[in-house]
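Quick heads-up: it's one chain on its own, the form predicted alone, in structure tokens.
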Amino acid sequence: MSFRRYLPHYLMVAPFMILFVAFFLYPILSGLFYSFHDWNGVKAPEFVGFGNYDRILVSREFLRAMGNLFFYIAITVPLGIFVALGLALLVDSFTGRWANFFRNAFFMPVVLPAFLAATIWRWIYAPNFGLLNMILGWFGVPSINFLNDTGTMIYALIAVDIWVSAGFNMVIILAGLKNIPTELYEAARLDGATKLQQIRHITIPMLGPVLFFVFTYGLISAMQVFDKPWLLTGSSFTSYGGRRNALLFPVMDMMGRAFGGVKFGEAAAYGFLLTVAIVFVTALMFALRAWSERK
């Protein structure tokens, strides 16, 4: 009787549950299963326990990918927020059509397909005819192969990433700026506060929750970086990471093991390690946020 009574409710949630099981729960459980097996996608999986995890954690590629990732995050996330905050303050200082123009101009890279963005920057970085080398040439600087020099490759990637993501973060910060009461700025001006003092003592503290979201989102996105270094270096599943693996990142390493090395068991274990790391970092960020709010 109760089942028939609640049947319409079950039918309403059934589409969500089917999609949840098919595209979330089943992939996770099957990935966990294969992470403990040696499997090349053809032969029957062979149970190896934690063997896949052991091979990944001691491999030079994994250590190099993690080193690149930490360096990339340490620069990209804070610098990206700084640039986005600057753009948001600039756009907020304009009104009318000029505000719309700058907002759209800064947001444009966000909607560009990754392939097109990479193509633009490969042209800018080109050693012989690239725009950047042409400008440097005016000052007598010799041509630099930005995407093949191990000393410049990761900085070239960081510039692209900030260019692409700054518009998205700017829009979020701009929405936060609109919610700051103007009375606070008026009171600060009456007290003789300069513009920089207003930003330091009013704008940034009032944007705390917004900046926390932007930081957390940027951190999680950076941990999954894949398409930009892959496209910038012209990687394939048998050749990736650029010269001396200077642009090798965990997701690239995982994809290379799966489709280049045909080691789907190792790739599944790699995916689980990344998932655990992302969940841990996210939980840590929210715990730090809750702790700071209680102080």
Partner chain sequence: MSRTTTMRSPITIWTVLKWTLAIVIAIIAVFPIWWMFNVVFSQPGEPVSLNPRLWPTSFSAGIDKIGMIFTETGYLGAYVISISYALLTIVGVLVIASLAAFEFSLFNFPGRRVMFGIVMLALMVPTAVTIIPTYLLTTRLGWLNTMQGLVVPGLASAFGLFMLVQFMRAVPKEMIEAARLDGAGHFQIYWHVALPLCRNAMITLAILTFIQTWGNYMWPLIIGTRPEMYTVGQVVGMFNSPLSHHTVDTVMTANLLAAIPPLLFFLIFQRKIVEGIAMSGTKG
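So that the term is clear: the rigid core is the largest set of C-alpha atoms that superpose within 1.5 Å between two forms. What you see is a predicted model; the values in this text were computed from it and never measured. Residue numbers count along the first chain shown, from 1.
Beyond what is shown, the protein has a form predicted together with its partner chain; the following relates to that form.
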- line: Answer key: of 140, 113, 96, 151, within 4.5 Å of its partner chain in the predicted complex (heavy atoms) is 113
- line: The one residue among 204, 79, 131, 187 placing a heavy atom within 4.5 Å of its partner chain in the predicted complex is 131
- prompt: Quick one: in the predicted complex, does every one of 57, 66 and 144 get a heavy atom within 4.5 Å of its partner chain?
  reply: no
message: in the predicted complex, does residue 215 come within 4.5 Å of its partner chain, counting heavy atoms only?
response: no
- prompt: Hey, in the predicted complex, is residue 20 touching its partner chain, heavy atoms inside 4.5 Å?
  reply: yes
- prompt: Can you check whether residue 235 is within 4.5 Å of its partner chain in the predicted complex, heavy atom basis?
  reply: yes
query: Looking at the partner-bound form in the predicted complex, is residue 87 within 4.5 Å of its partner chain by any heavy atom?
result: yes
- prompt: Using a 4.5 Å cut-off on heavy atoms, which residues of 11-34 contact its partner chain in the predicted complex?
  reply: 12, 13, 15, 16, 17, 19, 20, 22, 23, 24, 25, 26, 27, 28, 30, 31, 34
message: With a threshold of 2 Å on the C-alpha, tell me if residue 17 counts as moved between the shown form and the other one once the core is superposed.
response: yes
